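So this first bit is one chain, no partners, the form predicted on its own, shown in C-alpha cells.
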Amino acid sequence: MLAQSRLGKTALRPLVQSRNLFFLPTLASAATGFFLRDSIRLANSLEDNVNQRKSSNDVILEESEIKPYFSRPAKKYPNHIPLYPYEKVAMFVTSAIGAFLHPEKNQYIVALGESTAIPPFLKRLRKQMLDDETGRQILKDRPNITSTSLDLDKLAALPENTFGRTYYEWLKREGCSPDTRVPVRFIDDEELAFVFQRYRQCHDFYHALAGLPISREGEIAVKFFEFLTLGIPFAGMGAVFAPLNIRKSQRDRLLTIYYPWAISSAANCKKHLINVYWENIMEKDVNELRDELGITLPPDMRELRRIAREKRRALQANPSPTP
C-alpha cells in the first residue's frame, strides 16, 4: 500500500506542477505585448498602408511625448544666435568689464555693441532710414561692404583728392581691411540686424573722413562723434568710461581737442550719416564731401602724439635741475 501511495504521488507531481505553472504562457505573452507595443503598433499601421513611407524611428519619434530639457529658439537669419534674456544680460556684464579692461580685444567690443543695441534704439535708427530716400534705398539694396564690393584696386587708382582714395590710403596706413567687420549675430530681428551691421561697416568711413587713427584715443573720439550723431548706446558708454583707462596726456587731448571737435561736427552735421550711401560717392572730392556733411577735419592726432613723444624724450634727456 505504501509503495502504491508513493507511486501515486509521483504520478500526480507533474500534473500538479503543470497546474501551478499554467499562467506562465499568459504572463510571457502580456510582457511581450507591453515591451513590444510600439513595434506591434508600427507593424499594424504598415499593414494598413498608413506609414509605408516612414521609417520605424520616424513613427516612434512622432508618437513620443518626451521633450528636451533645453532648446535654443530658431534662427531668424543665417548668422543669428538667439539668446534668452538672462543670456543677454550676462553677455552685457561680461563684455562691459572685458571692454573696459581689454579694449584692444575686439570680441568684447563686438559683444558690448550688440548687447546694448536694444530694439527701441534700432527701430528709431530704422525709422530715420525709412524717412530718407537714400536710407530707403539702402534698406532695399542691403549692401554688404567688403574689399571685393568696394574694389580696393579701383579706389587706389582714384585721384588723391577723392573720398575713395582717402579711404584707401587710410586703410593702408592703419593696416586694416573692410573684411574684418564681424557680422551681427545676437540681434533677433533680421532687418534691425542689418541696420546695426550697416552702422558697424560704415565706422571706418568716419575714421577716414576725420583722418583719425585706430588707437584708443582715436577710437574714443570717433565713438563720441557716433554717439552724438547716431545715438549709438555703447558709443556713449565708451565716450564716458574709456577715457578713465588711458594716459592723462591722451585724456587731456580728448577733452581739449577731440571732444570739442566731435560736438561741433555733430552740431553742424547736415545729413544723418546712416543715410549716406558711401559706396556711391567714392569718386567725390573729399573736401566737398566734408562741406556737404558739415564735418570739419580735426587736428592730426598722429602728429600731436609725435610732438608729445618728442617733448617727453627731450625732458628725459635733459631733466631740469632740482633746486
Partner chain sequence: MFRRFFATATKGANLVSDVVIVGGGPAGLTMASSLKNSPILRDLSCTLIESGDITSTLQDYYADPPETILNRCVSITPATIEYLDKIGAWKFVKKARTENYDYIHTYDGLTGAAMEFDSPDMATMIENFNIQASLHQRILELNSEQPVNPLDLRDNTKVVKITRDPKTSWPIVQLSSGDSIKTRLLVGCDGARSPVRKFARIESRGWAYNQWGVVATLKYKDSGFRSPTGWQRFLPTGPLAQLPFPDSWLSIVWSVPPELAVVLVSLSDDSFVTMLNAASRLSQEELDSLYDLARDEPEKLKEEAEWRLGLFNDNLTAEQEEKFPPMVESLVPKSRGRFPLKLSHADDYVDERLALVGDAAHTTHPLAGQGLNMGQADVKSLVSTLEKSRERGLDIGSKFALDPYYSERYPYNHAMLGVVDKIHRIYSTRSPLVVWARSLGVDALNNVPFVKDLMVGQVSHMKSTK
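Since the model is a prediction, treat every value here as computed from it, not as a measurement. Numbering follows the first chain given and starts at 1.
The same protein also has a form predicted together with its partner chain, omitted here; what follows describes it.
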| task | Please determine, with the chain shown alone, which of 139-147, 88-96, 247-255, 212-220 has non-hydrogen atoms within 4.5 Å of its partner chain in the model of the complex. | result | 139-147
| said: Considering non-hydrogen atoms and a 4.5 Å limit, which listed residue (153, 160, 104, 133) is close to its partner chain in the model of the complex? | reply: 133
| said: By the heavy atom within 4.5 Å rule, which residue out of 200, 126, 165, 80 makes contact with its partner chain in the model of the complex? | reply: 126
| message | Since only the chain is shown here, I'm wondering whether residue 191 would be in contact with its partner chain in the model of the complex (any heavy atom pair within 4.5 Å). | response | yes
